[in-house]
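A lone chain, given as structure tokens: the form predicted alone.
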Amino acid sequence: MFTPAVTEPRHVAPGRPELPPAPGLPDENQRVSRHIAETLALLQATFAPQRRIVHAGDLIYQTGERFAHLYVLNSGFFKLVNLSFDGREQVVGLKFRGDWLGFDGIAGGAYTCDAVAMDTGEVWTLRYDQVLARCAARPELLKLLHEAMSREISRERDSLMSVCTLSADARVADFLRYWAESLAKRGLRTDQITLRMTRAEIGNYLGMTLETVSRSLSRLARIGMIEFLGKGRREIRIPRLDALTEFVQRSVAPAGVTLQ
């Protein structure tokens, strides 16, 4: 699981893929950013997808809705939300530009979560039957689809490992690190991010209470891992992303320790 710290995204004209990232990104980030841009260009040329501008709080699809489409994000930030057995909302995923939505609906014929926009963005809609037909004729499209599914599986595994092995402070740090690195791979700044989720939502996503998230953020600020900008404490500066990464790596909880 992991996302909400965000800088303002670079929005582009509806239907037009974003320009290549500015120079200066590390090689791997440049490679990923180029791959996202090339993928979006290929999908646009192959499917001429339906484009939709969404705003914070808009639903892309919801739990129980009949599955018929996959969705690709051209811009913006999104969260996936499930309802727990007691009726509470559970944030189970975070999505960025270039990510796919809707794989959860394939097996059972209906979507199993709500996909919700966290700010203004653009979503491309692809009919699933058309995706299958084009993939059968074009191996490069099938490869892209499999890559997207593999990334989703890997991210779910990494999120589970974070909950099982990291202390509370390290889980929050890892959340911020993941968000910043996801921005870097899309050509966006990483030194200053804006939290799009409330403390309660972040805790919900990380398996922690609101109070624990707030205390962890305060501790990270005290030791210089992050800085709060502004009174609302939603703007966060990360002086050194590599230092945040090192903090997470040093903070793996010993075996047998209960995390909360």
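Keep in mind that what you see is a predicted model, and the values were worked out from it rather than measured. Residue numbers run from 1 along the displayed sequence.
The next section is about a form of this same protein that is not shown, the form predicted together with the DNA.
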| query | finding |
| --- | --- |
| The DNA contact at residue 232 in the predicted complex, heavy atom, 4.5 Å | yes |
| Partner contact for residue 39 in the predicted complex: the DNA, 4.5 angstroms, heavy atom | no |
| Interface membership of residue 67, the DNA in the predicted complex, 4.5 Å heavy atom rule | no |
| Touches the DNA in the predicted complex: residue 218 (any heavy atom, 4.5 Å) | yes |
| Interface residue in the predicted complex among 112, 167, 120, 130, criterion: non-hydrogen atom within 4.5 angstroms of the DNA | 167 |
| Partner-contacting position among 50, 198, 29, 44 - heavy atom within 4.5 Å of the DNA in the predicted complex | 198 |
| Stretch in contact, per heavy atom within 4.5 angstroms of the DNA in the predicted complex, of 167-175, 83-91, 152-160, 180-188 | 167-175 |
| Members of 199-223 lying within 4.5 angstroms of the DNA, judged by heavy atom, in the predicted complex | 199, 200, 207, 208, 209, 210, 211, 212, 214, 215, 218 |
